[in-house]
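Provided below as structure tokens are two forms of one protein chain, presented individually as structure 1 and structure 2.
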Structure 1
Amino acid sequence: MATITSLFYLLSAVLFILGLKNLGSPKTARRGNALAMLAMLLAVIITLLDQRILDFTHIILGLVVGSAIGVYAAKKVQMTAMPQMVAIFNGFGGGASTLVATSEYFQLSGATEVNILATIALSILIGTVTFTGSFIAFAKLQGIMKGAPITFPGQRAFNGLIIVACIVLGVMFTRDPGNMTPLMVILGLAALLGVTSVIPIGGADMPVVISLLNSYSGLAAAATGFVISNNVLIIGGALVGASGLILTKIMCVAMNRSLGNVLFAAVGSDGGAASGGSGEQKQVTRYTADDAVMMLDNAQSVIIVPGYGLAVAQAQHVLQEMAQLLEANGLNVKYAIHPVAGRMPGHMNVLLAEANVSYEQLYEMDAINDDFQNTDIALIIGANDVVNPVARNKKDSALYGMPILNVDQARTVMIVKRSLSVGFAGEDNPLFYDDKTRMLFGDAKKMVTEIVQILKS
């Protein structure tokens, strides 16, 4: 019987592995989630069949209550509040690990091996840090707590001290498991550590912290697995522990930060990369080539708006390659040519002709300006003035009165340029800070080449 159970747990573990693998790639993510759900269901069912379970009342109560809350929360939460929801769920997971370990402690009978005791302490430590840490992250994101870093002198030393204390207490605990004081102190210190290690981190960095805490909660689960000698816990926990760490690293890389910098530098503020205007902080949405491809994958139509930057980067050939790939993927691709794009009349025409873009794909401003509103993506490559909305309404602007391309009517605007700096007319461009705009910072040739590569793979 135990053998059969074990083998089913193994099956569950295998499904977790497959689920996680599939979750990591856009095409299979939904299947991955389904596999992971299946794995969880299987694990729960096997467990319920375990002969050690004597009483089902509490179990059913717990499952029903938990499911109800889970479903409610998941349905109610707004898309924009996803990160904090994940944070709070994560906290619950960590809390659960602490509770299980504590519960197991109270069920210990007679002499117990050191390793069981040690993993109990470890499980409580990690679980509780995850619990309180996640709640701080939640509070910061939800606005309950100030997003800005909260620091006090000696913070890092203080945190270090807590960890040392926990280790000492842990050793004390394994020496004299009967005395539960050290365990409770560990619990308390861990709760404190969760708070003190998250408060110095800024709101903008919270997603990274949540990912890290997620990794912790996996480790907590694995530790619990050691406590109750259950392999599926060990495997599931270890998977999450490891993949969470990798994900954390990936997220740091995407932000151009190191993990150490995120955790200890206390620089995160509310916005993403902000700049431009005088004084007031404006926010832009940064995208990577990967994001762009994901958007393009889900779009049906794209209008490409080339500008002087395309010419400077000499990106016309690769742009044409990208357009061809997109067309092969079933997108409707057009080019919108503003009459004064570039630095001489017909500048864009020369470039695009060189790259063999068919004349049929080129539209002059008047012919295409009404199409933007029915277009999924306006992809602006090295243009600036010709899409600058100040031309419409800022009377004192040098651009005022010049007709522009209505890119802002497209569902999404993606802009490839190297920075937030101005174009020929020297006017700041509010489009960069628009809600529907995504900035792809980089040299046009490099960025489009990246997109092409991803489209191909």
Structure 2
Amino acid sequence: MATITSLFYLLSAVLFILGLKNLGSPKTARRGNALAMLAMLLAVIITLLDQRILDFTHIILGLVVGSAIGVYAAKKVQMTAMPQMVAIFNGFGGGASTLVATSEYFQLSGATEVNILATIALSILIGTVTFTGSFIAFAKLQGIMKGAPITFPGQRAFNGLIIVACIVLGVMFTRDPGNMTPLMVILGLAALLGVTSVIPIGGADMPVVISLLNSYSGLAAAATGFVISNNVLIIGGALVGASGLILTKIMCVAMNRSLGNVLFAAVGSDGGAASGGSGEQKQVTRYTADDAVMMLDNAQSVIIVPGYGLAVAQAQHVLQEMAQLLEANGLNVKYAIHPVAGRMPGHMNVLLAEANVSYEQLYEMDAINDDFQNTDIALIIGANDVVNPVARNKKDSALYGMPILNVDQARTVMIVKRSLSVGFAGEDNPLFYDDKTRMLFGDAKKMVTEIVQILKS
């Protein structure tokens, strides 16, 4: 049985790797999900058989309840709330690791190897930090808490002291595993650390936070795998942990910032406050939907830049309808996707795929930035920070050094936005007041719908 179990675990691991590889492209993402689900199904079934679990009552009950919750969430949760749901999933993953490691501790009997005891403590630490940190991220994204950084004096030192205390308590636990007090204190401190390590992170950095918490959940699962001596859990957790760290690195590079700066610099605002000071006094060129259609009729090419405002307005379907009408009129239509557009990695890609936008029309920043200078119109729908020119030249800006989409190089820039409010980084955008910029103030869905109606008529 041990040989059969190992072979099925190996097959499951291969399927996990293939699933992860396929998730790297929108074209193969569905296949990647299917492969990963098959891998998990095989891992669960062979584990149940290997452990000789004959009474499946609780297993089936959990399967039914979990499936019902999953189906309900898949149907009811809007695409705009997908980052929040991912944050919750990360939290549940960390919480599950904590529960398994804690359960394993209560089943210990006799002498236990130090490495197992240390791994139990590590699994509880990482899993609990992931659990509470993910729910803080959820609260910020959902608007339950303010999205701007929440800081207090000595916050970094406080978090550092918690980590040191957890290490000391972990050593105490391995020396005297019969005393569960250090382990429970680690649990409480880890829960606090999850809160205090996420509250100082602003809304602009939420894509990085989600990726990092995803990595934490994988690392917690891998640690738990060592605790219960389950190879497929170790492999699966390691894959999630490594891919999350790689994605975190990609997000940091996209913003030209270090991970330490993201975690400790307390950058950003709620992303909705009105632009202050001289910004409100500057002159902007206002356009109506009729004006926009007139300009689009005389253009040959347009690059659409979607942002979180598009997601909030749920305008992806009507935007795709507008794009199809423009193509029918002979325009060359492309979409420019910034790596940190939206509130989670790949948010814009998934949102547009839901509206059946062709994958061939979606271009990553590096692949399309040189095209703006030869484009008639850059049409920005609800994006702000990712097109803000201060990233190039304002050295005291939180955005300084971040690669942005070169929309200001297009012959004309049209921006659909509710107001002149700042983005999540809290920076006013001089692009709004540029002579070549045309501002279309209003809800993204309503404005694009008006454009569609005029194009049809």
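Start at 1 and count along the sequence of structure 1; that gives the residue numbers used here. C-alpha atoms forming the largest set that superposes within 1.5 Å between two forms make up the rigid core. Every value quoted in this text rests on a predicted model; they were computed, and no experiment measured them.
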Taken from the structure described, the form predicted in complex with a further copy of the same chain is structure 1
After the core is overlaid between the two structures, has the C-alpha of G91 moved by 2 angstroms or more?
-> no
query = When you overlay the rigid core, is the Cα of G309 off by 2 Å or more between the two structures?
reply = yes
Does A43 count as moved between the two structures, where moved means a C-alpha shift of 2 angstroms or more after fitting the rigid core? no
Expressed in angstrom, the C-alpha movement of A425 between the two structures on a rigid core superposition is 28.8
